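This document starts with one chain, in the form predicted on its own, laid out as structure tokens.
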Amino acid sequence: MTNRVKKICPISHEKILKQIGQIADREKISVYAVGGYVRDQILKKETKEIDFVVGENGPLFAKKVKQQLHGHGLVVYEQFGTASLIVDDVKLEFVTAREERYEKESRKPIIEKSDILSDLERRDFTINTLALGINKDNFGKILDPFGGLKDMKAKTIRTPLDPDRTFSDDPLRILRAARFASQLSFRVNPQIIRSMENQRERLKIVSQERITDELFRILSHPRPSVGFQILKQTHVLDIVFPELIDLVGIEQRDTYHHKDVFEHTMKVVDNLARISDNPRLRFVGLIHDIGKPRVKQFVEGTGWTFHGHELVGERLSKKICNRLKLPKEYRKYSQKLIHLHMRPIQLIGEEVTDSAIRRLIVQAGEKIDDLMKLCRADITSGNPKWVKRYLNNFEYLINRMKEVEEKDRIRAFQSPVRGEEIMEVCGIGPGPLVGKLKSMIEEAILEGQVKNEHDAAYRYLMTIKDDVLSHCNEKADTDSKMGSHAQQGNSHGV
């Protein structure tokens, strides 16, 4: 049941563990470092969090650690028997050894005090049931009652108890299985796969916030596709993200796509994971083609087409963000990038004009860099020649954008002549006419007729203001006369 593992801990952590072990010895209680900390140390992964199981009162022991090691930030949850604090920039969490029972319609456990073995038994996966002794008589020894070390060596996700019970007790563990597979590049035991599918309906008792958090954790890892493929295989995706299931089997036939839309999406998300750690951008990669099933149309000789899918996807992304309870900035960010994600690809096939580039930069604004990363990741052909060709064209477009941007200072663009100055020069008050003149200046700059600088824009305003004001006055007179005739007609009973 126990195995000796030498030098499992980095020296900085070893110092803290020995100090806490000495406190435990003085208090005559057993304390173990457990779970993810032990797993990550064996995998040689850096961590700044350590979880402990305490044989007696966890919060009381945490208070003694804080006092003797000069910790700070103590937070206590007496009802759960847990407490956390920070020592030397390491977050420490202490929990009283416990066992849990669950009611059928809730994932909130009924907690009872227990021992270390019962505490490890209640955990989700065997790789998280390892406990590291820190008392003097067992320092550095691994308690491994459920074969966690063997499963780590085999790179396998397995539950310590019957998986149906494990997932039924806490169905969020279904998503955690997919998350750990992505995080660690481990395979999920076939029995676990079957149980995930059997128990998937239990996810309906889990709050949307917790589900969304797990989905984004999957997205945060080097190969998010691993987790999402498992969720698809077990039909869990049908429950937590049905729009993605709609992409399955929607075939694509063009020069740089070669998979169905779901498989293409998985490739895009993995591509983004290699070039960006921005969670919002990875999320957009996951839903950028979400509108395709709504607009698919088969064209003989071409295959499936998806004209306008970016507009439909823009609308759908708002509903998805609201359902996932994401912050408002996620919704706005997603809508803009999905709306624009076809524009750079379309420019690749055109003679790229300065005007087209200016418009793209202005439309994307501060999100232009993320848009270009998304578009680069969107090139997923299985044909290396096509990939090379499109990436070369893409690099050409990026270089052209840099040239235009340096020349015209177009990013975060708006008219160099502001509304107050337009009103003063033209002798008009606030209203639609100010916006019209400002838009005309901006349009002239985007078309390359006017330089993006104040003096040039001011001179352009002076050349157009009289005609615009005259036209508006004539229109106002015409509207006034028509209104007068209509009133006369009404007065005569017409």
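Residue numbers here begin at 1 and follow the sequence given. Quick caveat, the model's predicted, so the values are computed rather than measured.
Just so you know, the form predicted in complex with ligand ATP exists too; it's not on screen, but the next bit is about it.
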Answer with one of Gln229, Thr82, Asn128, Thr380: the residue that has a non-hydrogen atom within 4.5 Å of ligand ATP in the predicted bound form.
Asn128
Among Phe94, Phe283, Phe167, Phe180, which has any heavy atom within 4.5 Å of ligand ATP in the predicted bound form?
Phe180
Close approach of Gly58 to ligand ATP in the predicted bound form, 4.5 Å, heavy atom:
no
Using 4.5 Å between non-hydrogen atoms, is Gly448 touching ligand ATP in the predicted bound form?
no
Within a 4.5 Å heavy atom cut-off, is Glu442 in contact with ligand ATP in the predicted bound form?
no
Given that the partner is absent here, does Arg173 sit within 4.5 Å of ligand ATP in the predicted bound form, heavy atoms only?
yes
Which single stretch, out of 461 to 469, 432 to 440, 65 to 73, 37 to 45, brings residue heavy atoms within 4.5 Å of ligand ATP in the predicted bound form?
37 to 45
Complete contact of Arg122, Arg210 and Arg217 with ligand ATP in the predicted bound form (any heavy atom, 4.5 Å)
yes
